[in-house]
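Take a look at this single chain in structure tokens; it is the form predicted on its own.
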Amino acid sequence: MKKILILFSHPHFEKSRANKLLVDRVKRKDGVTLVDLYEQYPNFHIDVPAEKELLLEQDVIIWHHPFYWYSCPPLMKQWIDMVLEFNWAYGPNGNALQSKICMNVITTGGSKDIYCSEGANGFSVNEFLRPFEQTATLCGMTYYPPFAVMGTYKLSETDLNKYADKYEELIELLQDNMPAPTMKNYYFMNDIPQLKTDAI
């Protein structure tokens, strides 16, 4: 069974009903380590050696965060800047993360139809996430499409629970070693047919 690290970053977690459901569903699963970065580092003083040691123990790295200004909250960006060091994560001697799997799990207030070339935001979620994809690629990791919960302000509790079910199923599939080529064919990880939860 693959070991999964979920790096969760939300500066207003207590106000997010969507993320609370998602996190509660997966945080106690066997083989899953969930780190709440804002709880762990309220003063933004990241313990880089400890984070590196934790990364080395994992097979799958998930950046779980709300979509803040088309990116992630600042503490997650700081984590990426500080922990993924030259000649450790990338560079001539940087192979610590080679062959690990990496992906984003995101929540957005805006609905899917505003994240496209014709929508109000002008670009797709996947296009906005290109820096994360390139970061993973530079570090030798295999990047999977995002798992996205969109239009959260308008989702019912029933729909949010369905997303939480899908997230839990996705974690189990990742632990069971899903083949990477299959994942590349999907726009969102939500869309893979292995997730049996009823469509939302």
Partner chain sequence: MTGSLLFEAIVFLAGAIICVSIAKRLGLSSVLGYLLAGVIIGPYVLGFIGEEGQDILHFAEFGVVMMLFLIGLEIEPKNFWKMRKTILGMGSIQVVGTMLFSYLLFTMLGFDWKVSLVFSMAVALSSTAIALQTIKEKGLMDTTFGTSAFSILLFQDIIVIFMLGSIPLLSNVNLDSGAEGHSETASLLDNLPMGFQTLSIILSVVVIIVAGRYLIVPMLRKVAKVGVRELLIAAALLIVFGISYLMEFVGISPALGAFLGGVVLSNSEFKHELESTLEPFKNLLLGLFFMAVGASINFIVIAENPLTITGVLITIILIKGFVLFITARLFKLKLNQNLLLTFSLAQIGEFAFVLLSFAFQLKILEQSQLDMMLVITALTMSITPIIGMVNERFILPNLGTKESIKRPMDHIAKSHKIILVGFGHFGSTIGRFLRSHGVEATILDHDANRVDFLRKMGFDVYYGDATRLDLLESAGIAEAKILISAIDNPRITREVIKVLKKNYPHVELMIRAKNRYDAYELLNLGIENIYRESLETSLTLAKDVLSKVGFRKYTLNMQVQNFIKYDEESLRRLANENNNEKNYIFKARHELEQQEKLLVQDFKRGIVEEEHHWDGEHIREILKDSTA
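In this text, all values refer to a predicted model and were calculated from it rather than measured experimentally. Numbering follows the first chain given and starts at 1.
Note that the form predicted in complex with the partner chain isn't included here; everything after this is about it.
Look at 113-121, 87-95, 100-108, 126-134: in the predicted bound form, residues with non-hydrogen atoms within 4.5 angstroms of the partner chain sit in 87-95. Shown without its partner, this chain lists Asp47, Asp159, Asp36, Glu168 as candidates; in the predicted bound form, only Asp47 has a non-hydrogen atom within 4.5 angstroms of the partner chain. Within this chain, Ser71 is remote from the site of the partner chain in the predicted bound form, having no heavy atom within 4.5 Å. Contacts between 1-33 and the partner chain, taken as any heavy atom within 4.5 Å in the predicted bound form, involve no residue at all.
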